[in-house]
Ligand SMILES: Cc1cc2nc3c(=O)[nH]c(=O)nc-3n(C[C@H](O)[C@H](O)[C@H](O)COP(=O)(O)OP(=O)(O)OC[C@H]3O[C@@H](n4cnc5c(N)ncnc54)[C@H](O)[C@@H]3O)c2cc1C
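Coming up is one lone chain in structure tokens, specifically the form predicted on its own.
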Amino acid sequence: MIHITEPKNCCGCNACVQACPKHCIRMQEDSEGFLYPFVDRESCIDCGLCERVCPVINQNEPKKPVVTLAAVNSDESVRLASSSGGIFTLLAERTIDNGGVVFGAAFDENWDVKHICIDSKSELPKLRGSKYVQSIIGNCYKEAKTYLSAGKEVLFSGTPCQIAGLKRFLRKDYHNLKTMDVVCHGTPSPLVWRKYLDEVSSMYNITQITDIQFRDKTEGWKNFSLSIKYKDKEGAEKTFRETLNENVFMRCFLSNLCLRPSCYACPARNGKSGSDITLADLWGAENICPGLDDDKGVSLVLLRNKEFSLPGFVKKEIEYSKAVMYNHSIESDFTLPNKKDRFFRLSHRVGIHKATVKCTTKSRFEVLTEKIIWNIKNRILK
């Protein structure tokens, strides 16, 4: 029987819920907005299946990529609409062309993030682009298994822990399954995201949100923005846009204040998910492959399965060690901020904006220390 004694011991992948033969496990939201499994003990038959499919209890060994690439989609319109180089779209298009289906994270009608399944290219924009909120998997593992058993090709994309959960749930390999995860900074709280949207809607008299982009490249790929298109009370169409350094939600996220507890000791980072391919931003592209960098986005492609074939796109093989140098999230977890508990306490009392400002505004001593550390790191890199 699955029993979560500490929040850090659950990544919220939902594998246990979908695997339970008696349907006696349900997910319940805690005070921070994260979902955790709760078991109906009267219905439980102690089969132990929930524990066998848990990716936190059953962790794989780290796995280095067999090939490391810098890559961009040659279709510039797709690349600009994507988080980095637009490679996910190419992989998804190939799957759909082969008569397959693609699973990924999408916004629902309330702008919550949920995993869905698509089978047409016209639906690809729903899955394209980063969503910096933990997505709800629902019954997608079960759906994927149904398609796989029927012989359909399946591309399943998600965070490393979601891919690890899928692999544990399936409990066997399928030749028609391709898995793709991302280099994950961590999964922010859906509750924090909902509160943030409520506050923004109130501040700007928003009556209807029509589009949200976490990685708007209007100010460039390296200085991306969170943008929200909306209609105000007069029906006028407007856009709210702030860069990653200006935006309160992004500051909260990148300061690691609103991440799921398991993210600080991720059970699936560094190739432990078992995915065939990992995608990410190739930060440092201006130094690693300056010929590809035009500040419109370059993808880092970590191929972990020799048998995984890639569609045609502009690419260049690079050194894995250089990619890790500029993107520590590939292999390393983030330190739990000592202000995290304070942030959540404040967020319940004064809201996300005020709580984030209070918890991310640095003292003069902190600014000076960070400047010294940055100068040292910069000299070492040079």
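On a predicted model such as this, the values are computed, not experimentally measured, just so you know. Note that residue numbering follows the sequence shown and begins at 1.
Not pictured, yet referred to below: the form predicted in complex with the ligand.
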4.5 angstroms heavy atom contact with the ligand in the predicted complex for residue 284: no
Interface membership of residue 185, the ligand in the predicted complex, 4.5 Å heavy atom rule: yes
Partner proximity in the predicted complex: residue 129 to the ligand, non-hydrogen atom cutoff 4.5 Å: yes
is_contact(residue 193, the ligand) in the predicted complex, heavy atom dist at most 4.5 Å: no
Complete contact of 105, 113 and 299 with the ligand in the predicted complex (any heavy atom, 4.5 Å): yes
Contact stretch among 230 to 238, 200 to 208, 308 to 316, 154 to 162 - heavy atom within 4.5 Å of the ligand in the predicted complex: 154 to 162
In the predicted complex, the one of 72, 133, 277, 252 near the ligand [non-hydrogen atom within 4.5 angstroms]: 133
Contacting member of 257, 87, 226, 140, with respect to the ligand in the predicted complex [4.5 Å, heavy atom]: 87
Residues from 319 to 338 in contact with the ligand (non-hydrogen atom within 4.5 Å) in the predicted complex: 327, 329
